[in-house]
Ligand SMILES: Cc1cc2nc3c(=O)[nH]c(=O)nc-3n(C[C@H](O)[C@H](O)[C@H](O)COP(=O)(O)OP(=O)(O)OC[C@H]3O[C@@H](n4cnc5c(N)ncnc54)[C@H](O)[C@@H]3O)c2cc1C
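Only one chain is included here, represented as structure tokens and corresponding to the form predicted alone.
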Amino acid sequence: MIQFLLNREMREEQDLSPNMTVLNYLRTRVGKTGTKEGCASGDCGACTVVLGEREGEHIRYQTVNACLTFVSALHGKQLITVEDLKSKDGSLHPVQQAMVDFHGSQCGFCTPGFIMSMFALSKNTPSADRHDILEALGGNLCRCTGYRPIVDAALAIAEQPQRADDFSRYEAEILAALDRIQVDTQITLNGNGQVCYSPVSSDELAALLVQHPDARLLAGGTDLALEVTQLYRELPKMIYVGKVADMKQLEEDEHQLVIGAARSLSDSYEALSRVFPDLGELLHRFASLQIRNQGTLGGNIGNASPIGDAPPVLMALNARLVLRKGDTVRDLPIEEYFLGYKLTALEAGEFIEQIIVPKPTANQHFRVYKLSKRLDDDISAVCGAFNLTIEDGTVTGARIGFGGMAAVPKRAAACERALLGQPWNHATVKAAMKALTGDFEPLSDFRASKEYRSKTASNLLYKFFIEQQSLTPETRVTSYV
């Protein structure tokens, strides 16, 4: 059974398919049709809803894509939809009124999703600037090209003194209701012949996965849910890791970051961007805020996609995975995890428990570049990560990882060999660029041709060289946004 608040109404669901998305639950079970289905793949944001959770003495609001969120993720949380924003007296919420005042709604189909993203932004960052607004709205697509009035509406909200709404007025009541839901014990959701287990510790998870090695692990669901929404498959048995508290922690010492595999990308952002500023740049372009609020670093590795953004970066950073099966734990370099297309080194009943990322050392230079058709909310055509150690003008260490260039994320071994022990100069870089073209045999698809991938991958090394030389020309498109 799962328990959650639908706005301020306590809901208990026992006989409910774990394959049901929050979007379908809202539209078919409770008749809240304001939340729209657009792409059913987490791309357009028309289905955006907000989840509220206790954080200290207040509620933390996060946008998610309802089309990719399974109902099991609702346990212990508050679910807020566009219908819930108006006040008890029937007046519009300030973000709704701003959208009306600035004529931000055209055909209106995308409007509920934009409203929910603006609502969460107004609660979490009341004095948002333009950068905050563009990031918050980056996962919402408008088919009528009405972005200017929508952004103007968000700017107007940020410029106004924060006004009380029903969510602030009833916050104490909502927190008390959330506290009555038992979230520290394992729950099970059954329905339609399907089952989802929700353990609360890694020990419980390990025991469950040994008992049910055929179960699919569910973290943010931003990839797994596509099997249901796009391929119309049934997932008979899942284990949801979103309640495994010790796998959502991040520990840091002078040498490394240890990140729980179930920690969201949003929650990992502060530490990763502080230690690796260039990785922070990538995370801003990692899908959308809705996806980052749900998706996990462990999930981005675990699904073994050849175009996942995290694996090539972690390869360049010499990251290691802590894998667990029952009580047995092993440490594996991340490049040894990927064996073939969607094929990994995981044994039956084994899972990724932690990701260990060493901190940079002296003379280490790290850069990461993402090439995609859109700046935000898009999948990479090529993602290249470069981590070079340069001492007294000589390359003494080289780790270069690429995504989108092979059936698996992969290091550029020949390129690395061409750099190691060589002077860091134009001639060495040109030789390494030539070697890099032999490291991969990319495929052509709708994102890019094989020729484009091969050429741009080698050019990214030259881009790295230009940036490292601290020359005047600006090379990054993000610097012009």
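Predicted, not measured: the structure shown is a model, and the values here were computed from it. In this text, residue numbers run from 1 along the sequence as written.
The following text describes the form predicted in complex with the ligand, which does not appear among the structures shown.
Pick the stretch from 175-183, 210-218, 404-412, 123-131 whose residues have a heavy atom within 4.5 Å of the ligand in the predicted bound form.
It is the stretch 210-218.
Proximity of D223 to the ligand in the predicted bound form, heavy atoms at 4.5 Å
The answer is yes: D223 has a heavy atom within 4.5 Å of the ligand.
Is R285 one of the residues lying within 4.5 Å of the ligand in the predicted bound form, judged by heavy atom distances?
Residue-level check for R285: yes, a contact with the ligand.
Quick one: is L265 in contact with the ligand in the predicted bound form, heavy atoms, 4.5 Å cut-off?
L265 belongs to the contact set for the ligand.
The ligand contact in the predicted bound form: S41, any heavy atom under 4.5 Å
Heavy-atom contact with the ligand at 4.5 Å: present for S41.
Using a 4.5 Å heavy atom cut-off, are G299, L346 and I379 all in contact with the ligand in the predicted bound form?
Each of the three qualifies.
Just one of S202, T389, N318, N303 has a heavy atom within 4.5 Å of the ligand in the predicted bound form. Which one?
Answer to the contact question: N303.
Taking 4.5 Å between heavy atoms as the contact cutoff, choose which of V82, M247, L79, L189 touches the ligand in the predicted bound form.
In short, M247.
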